[in-house]
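In structure tokens, the next block holds one chain alone, the form predicted on its own.
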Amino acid sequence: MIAVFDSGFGGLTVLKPIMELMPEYDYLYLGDNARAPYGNHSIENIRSFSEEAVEYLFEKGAKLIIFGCNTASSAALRHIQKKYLNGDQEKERKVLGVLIPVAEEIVKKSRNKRVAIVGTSATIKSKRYEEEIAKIDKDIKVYSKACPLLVPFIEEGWHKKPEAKSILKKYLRPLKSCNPDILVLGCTHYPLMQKDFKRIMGKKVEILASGEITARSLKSYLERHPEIESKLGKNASRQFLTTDCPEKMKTFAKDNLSMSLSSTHKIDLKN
């Protein structure tokens, strides 16, 4: 089973392209909506939340977990990999994030080596994107901006309102003046405002979101790692879990992503 974990609904923007590209696999989605957004929490809390999610997903039979959440990928992924993937465990299961595939895509596509990144406060503060980009190309200049108000707007379905668009414009103004050729949406929620990002940044700036990039990267990863791929169920089953309201998840998925979630359940990660 492949599991996708996110702090809320945003990870559905990662899961959807993965399922479209590789529909034959079994998928389990977990959104920790009750504690979203993760970006406003401390690193210690983000790691604790991530540990609870990973332990739950492993118990449910997940063999491969994707951290769709940029915040969890930034603040907790290394910690999780060190703690849960030791020795023989590493041969039986994997935990991957979205940052490295996106960083690789940035390096491929940037022409003027000026890149802007938006994300939650925790993601931007971690500077993990800067680290991963620098490992590949030290000449790329990265300009980053935390946008802490966007996730709450999107989770509540307010992202189409004038207030959200006005706040977005204020966030992007200093980044636009840096003349980047790429803007990275470093949060899985942000693609739901992608048209607004594009309108504000202009035609010359390419917008990169993690969903399609992660899907292509995962397909390549499974082709290169048959020892993991062979352990994944291929019954095309779908399960959707949330720590808050299942009906709200269904409505969000239908209204924003045209996804019909048939099997949704509320869970308690602390028990």
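Heads up: residue numbers just count along the shown sequence, starting at 1. In this text, all values refer to a predicted model and were calculated from it rather than measured experimentally.
There is another form of the same protein, the form predicted in complex with D-glutamic acid (DGL); it is not shown, and what comes next is about it.
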Quiz item: What stretch, of 134-142, 116-124, 157-165, 194-202, brings heavy atoms to within 4.5 Å of D-glutamic acid (DGL) in the model of the complex?
Solution: 116-124
Quiz item: Do residue 147 and D-glutamic acid (DGL) come within 4.5 Å of each other in the model of the complex, heavy atoms counted?
Solution: no
Quiz prompt | Partner proximity in the model of the complex: residue 31 to D-glutamic acid (DGL), non-hydrogen atom cutoff 4.5 Å | solution = no
Quiz item: Any of the heavy atoms of residue 187 lying within 4.5 Å of D-glutamic acid (DGL) in the model of the complex?
Solution: yes
Quiz item: Quick one: does residue 151 come within 4.5 Å of D-glutamic acid (DGL) in the model of the complex, counting heavy atoms only?
Solution: yes
Self-check item: in the model of the complex, residues of 1-19 near D-glutamic acid (DGL) [heavy atom within 4.5 Å]
Solution: 6, 7
